[in-house]
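What follows is a single chain, given as structure tokens, in the form predicted on its own.
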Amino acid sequence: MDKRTKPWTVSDSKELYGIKYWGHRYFDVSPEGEVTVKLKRDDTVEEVSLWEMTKGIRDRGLSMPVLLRFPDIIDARISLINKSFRKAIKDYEYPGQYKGVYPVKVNQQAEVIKEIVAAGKKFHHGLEAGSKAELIAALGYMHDPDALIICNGYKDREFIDLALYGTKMGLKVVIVVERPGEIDLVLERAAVLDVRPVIGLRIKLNAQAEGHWNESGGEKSIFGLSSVQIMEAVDMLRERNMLDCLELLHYHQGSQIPNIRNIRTALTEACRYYAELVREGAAMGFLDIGGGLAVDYDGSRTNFSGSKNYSTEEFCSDVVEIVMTVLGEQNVPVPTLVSESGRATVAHSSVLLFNVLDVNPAGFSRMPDELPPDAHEYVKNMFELIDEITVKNAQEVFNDAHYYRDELHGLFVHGNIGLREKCVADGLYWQVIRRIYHLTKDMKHIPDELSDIEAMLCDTYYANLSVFQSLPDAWAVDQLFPIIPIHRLLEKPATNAVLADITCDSDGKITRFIDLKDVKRSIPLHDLKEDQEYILGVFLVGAYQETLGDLHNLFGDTHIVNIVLDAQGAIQYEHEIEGDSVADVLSYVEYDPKELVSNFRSLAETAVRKGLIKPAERRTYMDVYQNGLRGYTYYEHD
């Protein structure tokens, strides 16, 4: 059988959308062509269909878009990181231990923090707070005296006092000094509160990583102390007989470090600073390597910014090996290793589901059977091009088609041809482009001029979401996320498309998609069916996206549902949180919904008095207005 006539299979879809590479043991496609997630049921793991989940969500009165959270995946990620470090420690006979902390800033939602605390309890996995509010949240949930609470960020007196109170209550709260004047305030408040603080110093390393967040490290990073400032802090502590309070050295390279070489280079440098602090007489004991454990968003396992060229196990092994080697050569006792892996902990645990509302086909046109006798010569020439296209002359025909289209457009602008004839010309142009595109599939070498022809023919699928609210990194820093239809994967996609959201902003779009070799400018999608919603999922969105989203066009938070399995394997929809209503988002930007209703009622009553509407109509208008305030900010089907 010819390869091109083989029926489309689930394996084809797995390869096309890359889920076999970025699914990371959590996501797959069922024989029925539906995306599945692996969830725990007692001591077993079951694959559950996301498409089935959407039916349950609909039955409960929620509409798309919806953010699904999977606590089981958070548990699995924390276990993976901790067990990988434990294995590396055992393999290298490292005479120390590992204690992880989760940076609250990566996803600050209460349900996420609760799950991390619960899942991390058996590993004494702690929290990192970068602000006063985050520290208050951490102190509210992290009560394990064997876990760390790391305090980073800019600190005022109240922030420091809260950290010191935590220390007095038996928690291991480390205040990391990140700017020159901060240590004075820490020591001052410690004296007032009569407590020995646990102090860390953040060092600015020369080593700098690659990727989107590379400015988090290096000499020009905004947080951290220079070598001179480190020594000034050490001398100050020595003068006050508090050098024993200095227990931790911290550095941070960035949120997503794709290249393991950068990790090794920075860690080697940090170990030298750690060894010198020990020699200066500091107590030390903890080396905090910060974040950076990357997520492989495209599955390519490369040093591309959206990927990583190492596994979690390799990361942990390299960290243990380097620290043991470098400090061993310096005859310095090895520290407890600390990492602030946030992205790698929660990214996999959330999936954004949204429905497609409509399609705008690219270059839509119908081939006329014949042209009118008075058609312009250029229109006739364009018509004749269609039957002349071959693999050999495709580039020449492409150039001719552009020439005729541009000339005909000029004739239209100057009033020499009418709109109907221009429409015929535009339709013929797109017919030529489509035929050339199909011929390029048989070309061994595609000319540069024809390389973008696929992008020219992308349809626009209108997605019921706000990129600015739910996928801010896709807009702000060109972050790539895996996107895939969650059903119909036994069908071959019919078209290539880009996604446009429902904001009225031209930036509200997704035009870059994951690929193993490069970045794709379109995504293969299926035709819409009248009797069935078409639902896409954006995966690996658990890190930063919920926290960074804004209210562009006043689109608010989506519905959120936590998904687990009960003992019988049935889907449980837990902690269902309705998304923002219109009234909610208006109140966020200082509108008073009651005042709005009163003002609209006054408008409607004035219209009644003027005879513009009837009293019964006023009641209808008021109901619609008030229902609108209570409604979801996203598109709702009748």
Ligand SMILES: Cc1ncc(COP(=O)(O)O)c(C=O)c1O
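None of the values given here were measured: they were computed from a predicted structure. Note that residue numbering begins at 1 and tracks the sequence as displayed.
Keep in mind that the form predicted in complex with the named molecule is not shown, yet the notes after this line are about it.
Student: Out of Ser341, Asn464, Ser307, Gln545, which one falls within 4.5 Å of the named molecule in the model of the complex, going by heavy atoms?
Tutor: Partner contact (heavy atom, 4.5 Å) among the options: Ser341.
Student: Is Gly292 close enough to the named molecule in the model of the complex to count, meaning some heavy atom within 4.5 Å?
Tutor: Yes.
Student: Examine Arg488 and determine whether its closest non-hydrogen atom to the named molecule in the model of the complex is within 4.5 angstroms.
Tutor: Residue-level check for Arg488: no, no contact with the named molecule.
Student: Do Ser255 and the named molecule share at least one heavy atom pair within 4.5 Å in the model of the complex?
Tutor: Taking the distances in the model of the complex, the answer for Ser255 is yes, it comes within 4.5 Å of the named molecule.
Student: I'd like to check something about Leu246: if you look in the model of the complex, is any of its heavy atoms closer than or equal to 4.5 Å to a heavy atom of the named molecule?
Tutor: Result no; Leu246 lies far from the named molecule in the model of the complex.
Student: Just one of 417-425, 353-361, 562-570, 99-107 has heavy atoms within 4.5 Å of the named molecule in the model of the complex; which?
Tutor: Every other range fails; the passing one is 99-107.
Student: What residues of 120-158, in sequence order, lie within 4.5 Å of the named molecule in the model of the complex by heavy atom?
Tutor: Result: Glu128, Asn152.
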